[in-house]
Structures are given as C-alpha cells and as structure tokens.
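Just one chain follows, in the form predicted on its own, and it is written as structure tokens.
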C-alpha cells in the first residue's frame, strides 16, 4: 500500500521543477554530499548535470555522481524524449563531454564518475533497444581504449518509488495504518470545499509525537523528521497548485510551520544553526506559495472592489469583509517576512509594497467593516505596517474609517462585531437580521485596541467623538494581556510550557486576562496612561534569531489577539503623535 501511494504521488508530478525540488531531499537523506543543484545553477547551462554530488555507491566505492533529472512531459523515455534537442540522448552525452571540476575539493576531481538518469516515468518498449544500444556504446564500453570510465544507471518510477519509500517514508510517514489513513485523506480532501484540514493537523501532530525529544534522535532521524515535514508541505502545495487553488494550501500549511517552531522552542535548539537552516527551508516552501498567490491576485485585489465576488449573492454582505480581512492578514505577513534581510530576497521594493497595500485598502472599503472581534488581528497588522513605513496619514484614514463603520453598523442595525467570533452568528445576524443568544456584543477587545491606536496617532477629536459613542452603549472595552512565564506557573499550576511555546502552539485564552480600558475625560491623560503601562513585557527567543515575524503568523493562524506591546512600542519612535 505504501509503495502504491508513493508511486502515485511521484507520477503525479507534472512539472520538472517539482522533481528538481524533491530529489535533492532524497539524496541528502541517502547521505550524498550535494555539490550543485538546479537552484544553484538557475539560468546557466547544466550540460546533463542537473545535480552533482558525491557519495558511496552500492559497491562501497566513493564516487562523483552526475544526476540528469527529467520530468514533466519528458518523464517517460520515448522515441521523442530520447532523440529531440536537449533530450535524454543529448543530455547524457553532454554529461560525458563537459567536465565538472570542484577546485575547493581536490578529492572530487579524482573520484570515479557515475551518471544517473532520473525520471518519474518508464522506459517505453518502443525505444528500449535503441536506448540499451546507446548505453552500451557510450557507457558500458567507455574506458576500454584508455579513456575515462563512465558508469551509468537509470532510476525510473519504480526505482524512485523504492528509494523514496525506504529513505523518506520509512520513519515518520506511512509507517502504520494511522499515518497511511491520514495521509491518504489529506491528499484526497485537500481541494474539497469547506475542508477544515483536521486530517492534516492530526498527521503533523502524530509526526511530532513520534519524533519526541530532539536529544533522543539520531542525526539521521533528525534529518528524516525535517525532510518529512518538507515533503508533506510540498505535496500539499503541489496538489493545490495543480488544481489552480492555492487558497487551501495558504490556510493549512502554517500549522506545520508553527508546530515545527514550537517543537524547536520546547527543545531549546533555536540557536542551532543547522536546525535553523532546516526550519527556514521549511518556511521557504510557504513563502514560495505566498509569492505565487499574491503575484496572481494582488493586481486584481488593488482594483476597486477587487476582492468582491460577483457570484457571492447575499453572502457577500459577510463574505466580502471576511475575505478582505483575511487577505490583508496574509499580505502583511508576507511583506513582513520579506523585509527580514538575509532570509528572503526582496522581490518587491518597499514603496511598491506599501502602495499596493494602500490601493487595496482604498479599493475595498469592506476592509474597514469588521464583523468579528478577532478582526483586530489584520487591523493591527495593517496599522503597524503603515506606521512603521511612515504612512501616518493613511493609518489615520484607515482607523477613522474603521470606527465610522462600527458606529454606522450599530446605528443602522444595532450590530457590533461579535465578541465570540462565531461566523455563523454573524451570517444569521447580517443576512437574516436574527440575533443569536450566543452573540457577544457587551465587551470588545477590538474597540479597546482601536482607542489605543487613537492615542498612538494623536487623533484627539476622533477620541472624544467615539468615546461618547462607546460610553452611551455602556460597552466594556479591554485589551488581552497574556501571562508571562512567572504568572503562568502561578495561575496555571499544571502548566509546563512557556508563554512563547503557548503562542506557537494554540489560540491563547486561559493563558491571559482582559485588561479593562477606561476612557478618560482628558485625551492627554488617556495617552499617558496607555503608554506608561508596562502590563506585559517579554523577551522572545524567536526575536533573538531574527524570526520575529513568525509571531504574526501565530496570531493570524490561531486567532489570538495581538498583545498591546505590539503597538505600544511604536510610541517610542513616533513621539510626534503625543499631544501634550
């Protein structure tokens, strides 16, 4: 059963670059030392050497290996793929004719050479005799006249299936009935409507349960763990890309990233450079996905009503603002992650990014219509990004529109954002005008946060206007304060995790408290009280390794409200907003 699943997946790879990505993972687990890959030689002629590596062959001799990878339309060896320009025949001859030296490794240049054709297909019977004659002439008989000896081997779909099964799916994935069941369900259901990805979450949890503590793992098992996570994420990404629907992959892949980082924190290995490299490799899959997603969508999203769905019907009263808020969350996260130099190449200039963000805000007015209390998350991300990029006027306009929309919704329909964050309740209230008994509108983190931004941006007139509106409602407004490690041990005696591990592991609820906000009569007094508060300070180990943007992903995915230190800290570098 395992081999069938692996073979079906490998055969489903429709792009050569998909095999180019996965095959080096296999080689690394097989203890090959990779010298060159397609990613390192992009844009350069490869002369039949897509991947160059050294390793110990089946005969026990260390050799240099030239891997020629064929996939996509050329995955099967046919008369056409064999004889065409830049086809298999030409590539194998070039692998022989063009030397590859590595002066930094003197041993490399003296090792025996083996050329391996790698393809996720079969050798067609119609070309088999021609192919065999060619291999015998060019490789089997090489060196008989005193020239260089070139060994040859072909790894087709059946050889690749055996290798992937033995080396990559043998430790954590497809090892028992449960992982087989979950993995099959993940592949079958990944593109189905209303998928909640629970099978994927269970599979990731099961893999980490099997792994246990880092210190108990051998070097090989650690590598297998890291590459198993990469394989699963890349499979999901590939399946969604093939179906032309990256949305589902965008929503579910963060779980493995966050669980991976939580595991790293709990094992206290975040400063290990090799572990960090593996983690960043895993995160890069998600960044590649987001890059493709926003490349396809951002120009349309920036148009007037670009995120509106013409087929949404009455649901668009809810769907449009929900969709816009989610789009903004992941867009700002993508921008923030790109901004950390040395980790990702900056594919968009800062000015272009900020211009796109503002165009989306201006074109999709529903982005200023929060329906759920946890819409505070995209709102905070957007406001912080605007402020940090010196677009205070745009931040003020966005904040004013948000508060105005909330007031209009209440005056027209007696509706405030749902504090219980129950989308079904919101749909029932907005579309059917029926308010559920579980709808919460007596307290609000969102509105409390917006008032603190009024203080940050020095919006005195707006503060007085909306203070009267909130006071008349007798609405309790607050911000969420998480417990630090000391308070966690005090208030949750059975707790064994740090605040930081909780942040990356699940939505934080009982691991914190609501800090009530009092709207002072005097605006300056309110400002001073807000920014003199030190209710929560925490030194994140994630920040110490330049991965602070991951905290945003945790808030987005788990729907934990951002903490006040996220925006209050902006006051230190933006004193111009304070009104004395």
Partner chain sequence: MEITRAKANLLDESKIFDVLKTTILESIQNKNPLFNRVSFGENYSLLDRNSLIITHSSGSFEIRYEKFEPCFVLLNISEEILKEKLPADIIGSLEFVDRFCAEIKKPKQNQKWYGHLESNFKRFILVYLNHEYSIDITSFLHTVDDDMKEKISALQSFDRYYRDACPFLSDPMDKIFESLIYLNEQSSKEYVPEILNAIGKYNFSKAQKLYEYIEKSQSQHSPIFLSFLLVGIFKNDETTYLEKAMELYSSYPIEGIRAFGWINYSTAEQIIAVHNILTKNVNESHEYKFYESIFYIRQIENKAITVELKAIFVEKIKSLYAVEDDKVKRNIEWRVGGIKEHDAEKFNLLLTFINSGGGINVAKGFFSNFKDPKYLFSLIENAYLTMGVRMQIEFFREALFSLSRNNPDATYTEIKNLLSHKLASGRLAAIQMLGLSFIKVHNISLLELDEMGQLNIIESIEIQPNVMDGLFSLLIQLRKSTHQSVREKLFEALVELIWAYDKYVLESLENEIDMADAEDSELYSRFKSVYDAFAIQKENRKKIKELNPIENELSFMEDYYKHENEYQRKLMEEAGKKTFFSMIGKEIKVIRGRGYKSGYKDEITMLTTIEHSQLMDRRYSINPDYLEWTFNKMHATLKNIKPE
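These figures come from a predicted structure and were not determined experimentally. Residue numbers count along the first chain shown, from 1.
Beyond the structure shown, there is the form predicted in complex with the partner chain, which is absent from this document and is the topic of what follows.
- For the options 384, 161, 366, 91, the one in contact with the partner chain in the model of the complex, meaning a heavy atom within 4.5 Å, is 366.
- For the candidate set 506, 465, 391, 415, a heavy atom within 4.5 Å of the partner chain in the model of the complex is found for exactly one residue, namely 415.
- Residues of just one listed stretch (445-453, 239-247, 130-138, 485-493) have heavy atoms within 4.5 Å of the partner chain in the model of the complex: 239-247.
- Within this chain, residue 260 is remote from the site of the partner chain in the model of the complex, having no heavy atom within 4.5 Å.
- In the model of the complex, the partner chain sits within 4.5 Å of a heavy atom belonging to residue 313.
- At the 4.5 Å threshold, heavy atoms of residue 409 reach the partner chain in the model of the complex.
- Interface membership of residue 156, defined by any non-hydrogen atom within 4.5 Å of the partner chain in the model of the complex, is ruled out.
- Contact annotation for 281-319: residues with any non-hydrogen atom within 4.5 angstroms of the partner chain in the model of the complex are 293, 296, 297, 300, 303, 304, 305, 306, 307, 308, 309, 310, 311, 312, 313, 314, 315, 316, 317, 318, 319, listed in sequence order.
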